[in-house]
Ligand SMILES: Cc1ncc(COP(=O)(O)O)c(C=O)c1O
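Single chain ahead, written as structure tokens, the form predicted alone.
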Amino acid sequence: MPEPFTQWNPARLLDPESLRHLVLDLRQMQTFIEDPLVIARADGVWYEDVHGRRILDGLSGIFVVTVGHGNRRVIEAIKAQLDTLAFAPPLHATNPPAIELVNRIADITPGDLNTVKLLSGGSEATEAAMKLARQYHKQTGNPTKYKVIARYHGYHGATMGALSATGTKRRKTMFEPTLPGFLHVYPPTCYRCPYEKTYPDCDVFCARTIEEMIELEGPETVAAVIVEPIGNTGGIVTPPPEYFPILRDLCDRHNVLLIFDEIITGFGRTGQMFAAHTFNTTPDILCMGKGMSSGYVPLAGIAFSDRVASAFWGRDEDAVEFSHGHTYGGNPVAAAAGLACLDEIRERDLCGRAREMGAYLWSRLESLRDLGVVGEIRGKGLLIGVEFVKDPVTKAQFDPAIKFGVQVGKTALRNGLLTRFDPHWVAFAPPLIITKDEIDIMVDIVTESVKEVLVKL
């Protein structure tokens, strides 16, 4: 990393009077300004705060920085595009980078997901997907199909429709009532099965019960099922291999669109370009974002099947176009960044690297079991979670008031490692360019952090 960052005055940046005008995501600002973290720069897999302290980015910012910080190819692509065209009129025209990007995406998505709507954020993508599903059914002779089935512990975004599909109470209860027509089922949490069953003897009951909900609600009323291939807020919930083929089959039989929310899992994170490849299941609509531009410019989108797209193809007088749009959808600068990221992923085989480094990270995390507090390690590629328990044999959890996982995550951050953490687990999702040496540093820090927390109990 270059010489310490000196452009800004740290005293000014850390002054509570400066910070009190700011609202961070999901943070209590009164607490934050007592010990603020202000990131000044980044390079590779490392952040640096305004004091020059280095922090290993074990989370890709927030599951975003796939190709690493300071990537020159992406930066130069953005700069070149800014010199040419920064904004095109979305109601009247498109632009060369956007055309090239949607064609490239159509090439890398599974199956016949050949039509792409470009957007600028994950919540926009999941909202668009659910709106697309409802309009699709209206235009194909099924106007009563409007309900959306999602999963408890799932998170699909902060806007009202996405929030209605979300099944995490901490994110949504203060905004209720949310929109009508959203239903929830239990996720495939095999380690702590909500149905008190054991895999594989359960015959993947958690997937089959979705069909029962569809039948009880009435298939003529259900438009879509939306799921994260790997659930983040539930603790990197990773389904058994049969789960998605079962879901695909029951959606087909009941004319229900299957939506994959791949905002987190897309663009190499699970070891394949999309988790749809990892789990050998093609959805009808695939939502993408985050790693799509590696965080350099806001960029997201949805890709959908030829069957779905055909319902929106016609003349102006047919009035069947998708009635949806966002100001920055298809922005040329964002599209240029997305193209550069795809070049990096392909030419550096970052999908393969995610598989290789993910396997190495998993093997190193196994050493945490020696501390006697690891219940399960789960995930795919470079998206891995560790659940902490008081007793690995009985799976008994720590008292929730202790917030063991939160303590580990906060201690790790003080020790120089950024992770994702909740009361009972921590998660790792570093940039796909991470090396074995950097993984060693990451695991060493979290190991020492767990020890520090245990000493305090």
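Numbers follow the displayed sequence, beginning with 1. Predicted, not measured: the structure shown is a model, and the values here were computed from it.
What follows is about the form predicted in complex with the ligand, which we do not show.
Participant: If contact means any heavy atom within 4.5 Å, which of 91-99, 380-388, 353-361, 148-156 contacts the ligand in the predicted complex?
Facilitator: Heavy atoms within 4.5 Å of the ligand in the predicted complex occur in 148-156.
Participant: Does the 4.5 Å heavy atom contact test between D284 and the ligand in the predicted complex come out positive?
Facilitator: Judged by the heavy-atom cut-off of 4.5 Å, D284 is well away from the ligand in the predicted complex.
Participant: Mark G121 yes when one of its heavy atoms lies within 4.5 Å of a heavy atom of the ligand in the predicted complex, and no otherwise.
Facilitator: G121 belongs to the contact set for the ligand.
Participant: Can R269 be called a contact residue for the ligand in the predicted complex at 4.5 Å between heavy atoms?
Facilitator: Output for R269 is no: heavy atoms all beyond 4.5 Å of the ligand.
Participant: Indicate whether A336 is a 4.5 Å heavy atom neighbour of the ligand in the predicted complex.
Facilitator: Taking the distances in the predicted complex, the answer for A336 is no, it never comes within 4.5 Å of the ligand.
Participant: Using a 4.5 Å heavy atom cut-off, which residue among L247, I264, M130, L257 comes into contact with the ligand in the predicted complex?
Facilitator: Checked against the cut-off, the match is I264.
Participant: Mind listing which residues of 271-297 have a heavy atom within 4.5 Å of the ligand in the predicted complex?
Facilitator: Heavy-atom contacts to the ligand in the predicted complex: only K290.
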